[in-house]
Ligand SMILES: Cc1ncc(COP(=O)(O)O)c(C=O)c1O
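Starting off, we have a lone chain in the form predicted on its own, written out as structure tokens.
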């Protein structure tokens, strides 16, 4: 694969580069948009159906169902499983708020457990909570955070032993694998997002569920479209959450075909960071042993003043971000809302206090990566 060329050493090193994405794929994206317009079919047509088949084949799961966004995908998965009013759902506090919001929108109660040193939900803590709340927890919703894969073999074992449903949030980890198996493989239903910053991002919002069986696929497809089983026949109370024909066409024709190469580039960059970052002022976050990460983000933990480190990067024209400065369990939106925390969430809070995300994406040149490494290594 030919790498981008860094021709201007003072240009900003961006966290995401949508202009470069357009430069690389604009012709194919324009053709896809034109194709949809000329077809005269704008909602739930052949573009969505074709993308669903291509997406499922790419990730190695039987079925995909396109929806409006990743939040809706998670809520639909819970509703298919009947995880609703009064149900307790174990999840992580270190993630985007959509994971928690989906639980609440389905009528269930989020129960937070701590994370491990990779930032993923701590499966020992999950099992401890399941023993403590025996019979009360209906589901576990892990997040494959940063592009790392939670151990799907152990997730399956937990599901069988404790009789709980697993719904995997794969929004940051499309293409990641655990023990050689794709994320989502431990769940009857798992979910992803096509928000533009994701590894497979649309030119707007979008999401999908992955289903292991035809009945689950059909149920999810019905719920996204008002609960219809056929036109004007409503078998259940659904919602309006349809992936647009335009977004499906853009994803299938231009962006999904590039995903493997884009993932390989992310892995190349991560390998350089992991081997060449040497500053004692930052700590690398370990990749889980069984994970083949797709490196949606590259997190480091700062020893000392995090904002001073980010200011240092900014002076070198390098963008950075924090994921996530406030745990979902501590968000003001949960004031007065039923939820529970198991333990002090100490490791998750350490991430919230110290994490910084470095640039990692398809369009970083080797020169960009060298600049990030040099800037980090010069920080004391």
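It should be emphasised that the depicted structure is a prediction, and the values quoted were computed from it without experimental measurement. Residue numbers count along the first chain shown, from 1.
The form predicted together with this ligand is left out here; the points below concern that form.
With the partner omitted here, the residue from 220, 152, 248, 74 that has a non-hydrogen atom within 4.5 angstroms of this ligand in the predicted complex is 74. Checking 118, 95, 241, 178 against this ligand in the predicted complex, a heavy atom within 4.5 Å turns up for just one residue: 95. In the predicted complex, this ligand sits beyond 4.5 Å of every heavy atom of residue 216.
Within 4.5 Å of some heavy atom of this ligand in the predicted complex lies at least one heavy atom of residue 198. For the chain shown alone, residue 263 is not a contact residue for this ligand in the predicted complex, no non-hydrogen atom being within 4.5 angstroms. In the predicted complex, no heavy atom of residue 342 sits within 4.5 Å of this ligand. In plain terms, the part of the chain that comes close to this ligand in the predicted complex, with a heavy atom within 4.5 Å, is 169-177 out of 79-87, 107-115, 306-314, 169-177. For the candidate spot formed by 143, 193 and 206, every residue has a non-hydrogen atom within 4.5 angstroms of this ligand in the predicted complex. Along 314-345, a single residue, 324, places a heavy atom within 4.5 Å of this ligand in the predicted complex.
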